[in-house]
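Given as structure tokens, the chain that follows is alone and in the form predicted on its own.
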């Protein structure tokens, strides 16, 4: 049974559930590397779906990349998309089934590289969906190549001496770019590297799902994450590197938020 935004807000203020596998997260061993943030992101998305009571009304779209196997873990309707085309596929699903809760789950190489056009135009049109963007500043599945979000001087398999601005350009702050578009309703950047940040990221996901009821535009949640394997670090080291390097360049927090008038009648 779906709950109102006010009921859910009260629940999250209380945070009654401390640790429990949501029913919508399948009891399957995840393939992600030890310490990877994808598993945490999966969990909080499914916690929100479970707690909102919208399992039967939710459709997720996962394209190529580390996110491609999300349908092995999320016990909801899922649709695979070609690399970079998740928001285009999600647009079609949402327009055919406007009462469904539709979200995409995409990495930086997907959303901010091959899928830049689809992403920008979907948000500019204000498609009524949630886009979850996992930013670990590298290509994870295909060998650790430089991504659009790779930092200056960061080493990858295609930038062994570090990314050079004069050759490869600057890292792309796709979230700030999308916040400027009129179709963007809610835009935020969060992380899952600490318990506090996990809680904030979960609240952002909650907003993204809940505010689809308003039909006022696209909700976009960036989650800054780590990639221990392709960064060549142990999990603890990768979280420290994330805090010291990624977060100063990709600061956490809300970038575009709806007004109280927009949501008070939800």
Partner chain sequence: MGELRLMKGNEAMAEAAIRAGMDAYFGYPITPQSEVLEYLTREAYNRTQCAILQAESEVASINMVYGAAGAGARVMTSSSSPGISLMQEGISYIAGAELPCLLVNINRGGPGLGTIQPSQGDYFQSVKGGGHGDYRLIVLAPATVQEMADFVQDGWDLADKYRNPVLILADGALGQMMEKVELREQLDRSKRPIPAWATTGKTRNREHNVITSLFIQPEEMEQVNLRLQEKYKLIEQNEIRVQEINTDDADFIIVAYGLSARIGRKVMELLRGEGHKVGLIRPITLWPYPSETIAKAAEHVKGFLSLEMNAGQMVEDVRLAVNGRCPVGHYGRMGGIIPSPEEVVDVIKDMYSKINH
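All of these numbers come straight from a predicted model, not from anything done at the bench. Numbering follows the first chain given and starts at 1.
Keep in mind that the form predicted together with the partner chain is missing from the display, and what follows is about it.
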Problem set entry | Option touching the partner chain, based on a heavy atom within 4.5 Å in the model of the complex, out of 196, 180, 96, 152 | 96
Problem set entry | The single option of 146, 184, 76, 192 touching the partner chain in the model of the complex, heavy atom within 4.5 Å | 76
For this session: Answer with yes or no whether residue 56 is in contact with the partner chain in the model of the complex, where contact means some heavy atom within 4.5 Å.
Result: yes
Exercise. Is residue 168 close enough to the partner chain in the model of the complex to count, meaning some heavy atom within 4.5 Å?
Worked result: no
Problem set entry | Contact label in the model of the complex: residue 127 to the partner chain, heavy atom within 4.5 Å | yes
Exercise. Hey, in the model of the complex, is residue 69 touching the partner chain, heavy atoms inside 4.5 Å?
Worked result: yes
For this session: Can you work out whether the partner chain is within 4.5 angstroms of a heavy atom in all three of 175, 236 and 257 in the model of the complex?
Result: no
Problem set entry | One stretch from 132 to 140, 87 to 95, 103 to 111, 154 to 162 that, in the model of the complex, holds residues within 4.5 Å of the partner chain by heavy atom | 87 to 95
Exercise. Which residues within 115 to 131 place at least one heavy atom within 4.5 Å of the partner chain in the model of the complex?
Worked result: 117, 118, 121, 125, 127
